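What follows is a single chain, given as structure tokens, in the form predicted alone.
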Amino acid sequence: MKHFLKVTDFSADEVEVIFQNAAEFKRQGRHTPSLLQRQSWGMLFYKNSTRTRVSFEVGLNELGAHAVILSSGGMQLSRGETVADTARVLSRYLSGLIIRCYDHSLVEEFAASGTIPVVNALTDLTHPCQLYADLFTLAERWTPGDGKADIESLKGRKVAFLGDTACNMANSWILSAAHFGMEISLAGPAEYAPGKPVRDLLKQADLPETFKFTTDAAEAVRGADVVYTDVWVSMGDEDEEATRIAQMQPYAVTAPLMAETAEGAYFMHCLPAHAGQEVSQEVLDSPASIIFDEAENRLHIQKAILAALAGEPR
């Protein structure tokens, strides 16, 4: 049985198949095969969500499955039942479980204790579903021929990540760059540089530490094929809001900064964006911005991930 907790849980060859299936799901639109017919998948959310919840619920429906919406506050977890016992019980009812939470160890414990596939729909450490959607979106644009997305097209491309470079999105990009042969340069305040958690992830996956970090935003984006940023204040960091905003202002993505990139470079953001903070409205509205394509592709890539997991032996 396979879980999807981090981007390296699928090999490059497996991701190639996932990309092909996502492209086919996208081509078919709403008329997709009922690959999960009569299955019920739980969606356990500890954090608020728009894109993640809607894309997964719609995707499950289009694949023929029923989404069972769960909240931690409405379950016996809130009254002290252990994760292990909850996972064992849910495994008797459900075909799979999608979890969006804070602590990454929670998804790991559910995966270790249950007997159904577990999907990480975001933790404070990683956001693998978003990364696959991002990579798929880029592969669509870099692969010759309509409706194709070749993972080989990612190799050698440079990604620049600006702002909080120790956040879950930065961690996921660092891991993805090493896993798929991309170059990544990150820029932000020294206090928010990539740390031990992402180095541990690289070590666990037996991947080299190839990322570069600088405090100079222009240096990071120079020659980049993609500029990526995320909110400066993630859920759970609200008490640091004033400090973070003050420290990260030099790393806002602006039109002059985008001018330092490679010709035809794209701007990406996992959304929601705070225009005027991590990115200017001008960049969000520019032809380089592909933020809504990547948001749409959450649906298609997640359907392909669910289909891959559902096909794994229990």
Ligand code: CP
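Source: prediction; values computed, not measured. Don't overthink the numbering: it's just position in the shown sequence, from 1.
Just so you know, the form predicted in complex with phosphoric acid mono(formamide)ester exists too; it's not on screen, but the next bit is about it.
When contacts are judged by a 4.5 Å heavy atom cut-off, T52 counts as touching phosphoric acid mono(formamide)ester in the model of the complex. The closest heavy atom approach of R100 to phosphoric acid mono(formamide)ester in the model of the complex falls within 4.5 Å. Although the partner is absent here, N48 is a contact residue: one of its heavy atoms lies within 4.5 angstroms of phosphoric acid mono(formamide)ester in the model of the complex.
Although the partner is absent here, L271 is a contact residue: one of its heavy atoms lies within 4.5 angstroms of phosphoric acid mono(formamide)ester in the model of the complex. Each of H127, Q130 and R298 places at least one heavy atom within 4.5 Å of phosphoric acid mono(formamide)ester in the model of the complex. Exactly one of the stretches 263 to 271, 282 to 290, 250 to 258, 58 to 66 approaches phosphoric acid mono(formamide)ester in the model of the complex with heavy atoms within 4.5 Å, and it is 263 to 271.
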